[in-house]
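Before any questions on binding or motion, here is one chain by itself as structure tokens, the form predicted on its own.
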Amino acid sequence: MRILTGLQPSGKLHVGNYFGAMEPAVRLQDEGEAFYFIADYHAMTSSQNPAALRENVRELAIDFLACGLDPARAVFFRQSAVPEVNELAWLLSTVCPMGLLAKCHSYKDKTAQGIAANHALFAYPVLMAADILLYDSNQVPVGKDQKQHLEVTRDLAGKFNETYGDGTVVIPDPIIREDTALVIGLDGQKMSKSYHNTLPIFGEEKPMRKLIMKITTDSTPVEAPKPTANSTILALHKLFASASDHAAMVADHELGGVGYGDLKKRLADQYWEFFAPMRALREEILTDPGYVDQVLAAGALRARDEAGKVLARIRRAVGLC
């Protein structure tokens, strides 16, 4: 079984990125052959700042390694280091109906947020399909917001096989963890940089705790029971705490006698403790400036070797050789 996932280098990684993509990817390293990439081509659909792109790519690589990605067990590389992906994207475009792209909600959402409409943004799902199909991926961990794009990939793969023969490309299956696929942000909405409600994975302790203390709560007095339904504090606490600790937190909400300030402090403690091993590993990685470059270069070689084999098969099927 081959597993593939990619993350965009769009700034500091947050808790939603970790539980939605990184933690499942790290866990899946032991369950199949893992290909993980930094989606720097995709990042260019919404930002054209070269310096920021370089910095974000490097920071994402460091953070992913610190969160448990093991280059001995996974192929880790930059998307742009495998130019074969662009050829496959073109080949897929030749069978992609315009209507399939027009119905994708991501394009509509991003343009509604003020991101300039361009061809790359509109054709994003085709490049995503090429990312997946180029490595004969069997399973793809995705969040709920990317589920539609994976459905587009499956539709395109099916249409491609209908046109050029069964087995020309492998049709992948999604892996969606319903329990953590949608991570709540500090304001109760989905955690997203677009909403400015994120809790970063890495950073200084004092600012991180201040962010948690700003979580909006109601005016329930200290002595009264606190509502548990739609509680941002409880939703985040469940991510970081053991089952017994979370049960105690729920009980303190229901019984009353504990103020929101104290509950937030407990959430901050659990959050800080949860990421402590990853912070330590990140500091260790930073002591060797060349390590990340070596990992990505080695991963690119392995990725291109596999991509070359798959693309050669596809080129034969479509008549290019």
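Not measured: the values here are computed from a predicted model. When you see a residue number, it is the position in the sequence shown, counting from 1.
As for the form predicted in complex with tryptophan (TRP), it is not shown, yet the points below apply to it.
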| property | result |
| --- | --- |
| 4.5 Å heavy atom contact, Tyr124 to tryptophan (TRP) in the model of the complex | yes |
| Contact of Ile132 with tryptophan (TRP) in the model of the complex (heavy atom, 4.5 Å) | yes |
| Contact test in the model of the complex: Val140 vs tryptophan (TRP), heavy atoms, 4.5 Å | yes |
| 4.5 Å heavy atom contact, Ala39 to tryptophan (TRP) in the model of the complex | yes |
| Candidate stretches 31-39, 65-73, 261-269, 51-59 - the one whose heavy atoms come within 4.5 Å of tryptophan (TRP) in the model of the complex | 31-39 |
| Single option in Ala241, Ile212, Ile201, Met128 placed near tryptophan (TRP) in the model of the complex, where near means a heavy atom within 4.5 Å | Met128 |
